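Here's a solo chain for you in structure tokens, the form predicted alone.
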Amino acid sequence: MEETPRFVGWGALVAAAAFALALAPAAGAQQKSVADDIARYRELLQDGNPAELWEMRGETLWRTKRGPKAVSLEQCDLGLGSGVVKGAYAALPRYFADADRVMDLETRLVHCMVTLQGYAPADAKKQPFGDGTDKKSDNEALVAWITSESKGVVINVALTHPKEQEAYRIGKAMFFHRAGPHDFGCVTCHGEAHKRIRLQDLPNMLDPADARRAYTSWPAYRVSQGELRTFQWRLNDCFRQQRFPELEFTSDASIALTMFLARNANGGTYNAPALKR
């Protein structure tokens, strides 16, 4: 004998809705508790942040005579004058007249390695990221030290030169562009508040407060990878997760996207290299 289909009445629906509403505050409190626990975990580990090892190696690399010309990077102009490192990162990316180009930190380092130390461009850009084992990246070490010299400095990325304005516009368009097999874009994860992946809160990079918190925490030592990771690595990993083509190291596209995100973080106090899970 066939079973008679059952239909849920209005009373059951109302009861279910009331139950869901009753659980909502508890779920919200649980999420907040998890976020607080992660924050406390990072705070406890911060005093022994292994990023200091990358910083020390980066300072040594900056001062060591290397390359075909056997000179150091100590005369590299990062935007505040020849050899001035303190506070330089907080104003990058920026336009450099000697290259007639907007550059972020890593692009400028490659430029100095080529023009001052005599490296071929391909050699200067070789291995931008460590592989998580014993194959460390000189780029990540240099970035760790240079960025650490801007701790406590307020982010102040300018849009005074036409090429800076153009980079910002392109970066903004890239942020909102959706494509690939999943119709993803940067905006998918970072264009609204209160989004998360697993236990990871996703900052809304269109909100100044969120943008400041997120941008000023890179580079960072990733405990899960045993590596210091740069902001450029973070962008590349986002592209990988979106199933986009690889973001070319020091390309105009990577600089433009960095310009958009850095400018959105203006007014934030820089506090990295940080520590992340």
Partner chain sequence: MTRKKFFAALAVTGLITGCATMMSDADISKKALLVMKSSFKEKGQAKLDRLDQDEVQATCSLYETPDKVPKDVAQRLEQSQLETIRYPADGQLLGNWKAGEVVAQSGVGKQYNDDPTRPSGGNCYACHQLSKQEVSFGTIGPSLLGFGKARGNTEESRKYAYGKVYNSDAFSACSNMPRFGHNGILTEQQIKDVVALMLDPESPVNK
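Residue numbers count along the first chain shown, from 1. For clarity, every value in this text was computed on a predicted model and none was experimentally measured.
Omitted from view is the form predicted in complex with the partner chain, to which the following refers.
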Would you check whether the partner chain, in the predicted bound form, lies within 4.5 angstroms of a non-hydrogen atom from each of His177, Phe184 and Ala253?
yes
Residue stretch of 81-89, 68-76, 116-124, 163-171 approaching the partner chain in the predicted bound form, non-hydrogen atom distance within 4.5 Å
163-171
Please run the contact check for Ile197 against the partner chain in the predicted bound form: heavy atoms, 4.5 angstroms, yes or no?
yes
Find out whether any non-hydrogen atom of Asp207 is located within 4.5 angstroms of the partner chain in the predicted bound form, and reply yes or no.
no
Can you check whether Cys112 is within 4.5 Å of the partner chain in the predicted bound form, heavy atom basis?
no
Exercise: Phe239 in contact with the partner chain in the predicted bound form, heavy atom 4.5 Å
yes
Heavy atom within 4.5 Å of the partner chain in the predicted bound form - qualifying residues of 227-248
Asn236, Phe239, Arg240, Gln241, Arg243, Phe244, Pro245, Glu246, Leu247, Glu248
